[in-house]
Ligand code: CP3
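Next up: a single chain in structure tokens, the form predicted on its own.
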């Protein structure tokens, strides 16, 4: 049996349009909430292979997705670099900050701290249906650096933006540490069983200046991609520079990614078709429409198919939100399964 998601990433036309969702494992699922109640905290869930495996598989069992994305978090890499990390109920992640060159130089990547992630991948792989692709991931250097500099997202990463404009060499130092660690992290994920990878640049849209975007987003991503490809040339990599609309074309051409995930603000009828002529795309459905469900959601799904055809990966413009009814996800998968050659 072929894997539709891999087909698209390799430039082939699949038998049906593949579908998976960012944050497809999470609080909207009752089985996730039941397991989450047993764990001390979110970090415990990520670093306990038995639990992380179960959570990864929950949406696969329930919906039959074409992609199973590893259950983990983008901030595991700075944790492995030596920064303390905590997830507080109602607050989200709290990460120890780097403040100067000395604190950056002290960072040293300890691969052993994220070894549970690799064990999770080895556990997941044999339990997946034949058509389902196992996806590993990391956060992009710019996005992860935002948390390393500000500690959390409460102030819209004001300090990270200040470093980008006024102390770019200091930001370069943080990003270089992250490039080296992230490339190693992704290569180990492939060795543990990941068949495709995604690089999440959730805060790429914060950088509007073209030169800064090339320096802090495109170049670090390009370096990670080239290092992973040097060891694993046939593993496709998806980039997700969220809300960086004016930079999408440069990103998809210059980073070396095999496909790009796009948010729901992108017009597929104009920009989407131009980008798809370069490389395959993923995403574009609004998470709010998934919450709404019904005919409005189906019309949007139909529009995506009409504009992009089968060589597109159905996904959201961001992650599934907690208030999403699971039955709407089931409807999305069922409706997308109807898009065939």
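Residue numbers count along the first chain shown, from 1. Because the structure is predicted, anything quoted here is derived from the model rather than measured.
Below, we turn to the form predicted together with the ligand, even though it does not appear here.
Original post:
Judged by heavy atoms and a 4.5 Å cut-off, are 25, 75 and 147 together in contact with the ligand in the predicted bound form?
Top reply: Looking in the predicted bound form, the three residues 25, 75 and 147 all sit within 4.5 Å of the ligand (heavy atoms).
Original post:
63, 305, 32, 51: which sits within 4.5 Å of the ligand in the predicted bound form by any heavy atom?
Top reply: Result of the distance check: 32.
**OP:** State the residue from 200, 248, 213, 163 whose non-hydrogen atoms include one within 4.5 Å of the ligand in the predicted bound form.
**Re:** By the 4.5 Å heavy-atom cutoff, the listed residue in contact is 200.
Original post:
the ligand isn't shown here, but in the predicted bound form, which of 230-238, 183-191, 106-114, 87-95 has heavy atoms within 4.5 Å of it?
Top reply: Every other range fails; the passing one is 87-95.
Subject >> Partner proximity in the predicted bound form: residue 311 to the ligand, non-hydrogen atom cutoff 4.5 Å >> reply: Residue 311: no, not in contact with the ligand in the predicted bound form.
**OP:** Check whether residue 36 has any heavy atom within 4.5 Å of a heavy atom of the ligand in the predicted bound form, and answer yes or no.
**Re:** Residue 36 belongs to the contact set for the ligand.
Original post:
Using 4.5 Å between non-hydrogen atoms, is residue 70 touching the ligand in the predicted bound form?
Top reply: Residue 70: contacts the ligand in the predicted bound form.
Original post:
Would residue 137 count as touching the ligand in the predicted bound form under a 4.5 Å heavy atom rule?
Top reply: The answer is yes: residue 137 has a heavy atom within 4.5 Å of the ligand.
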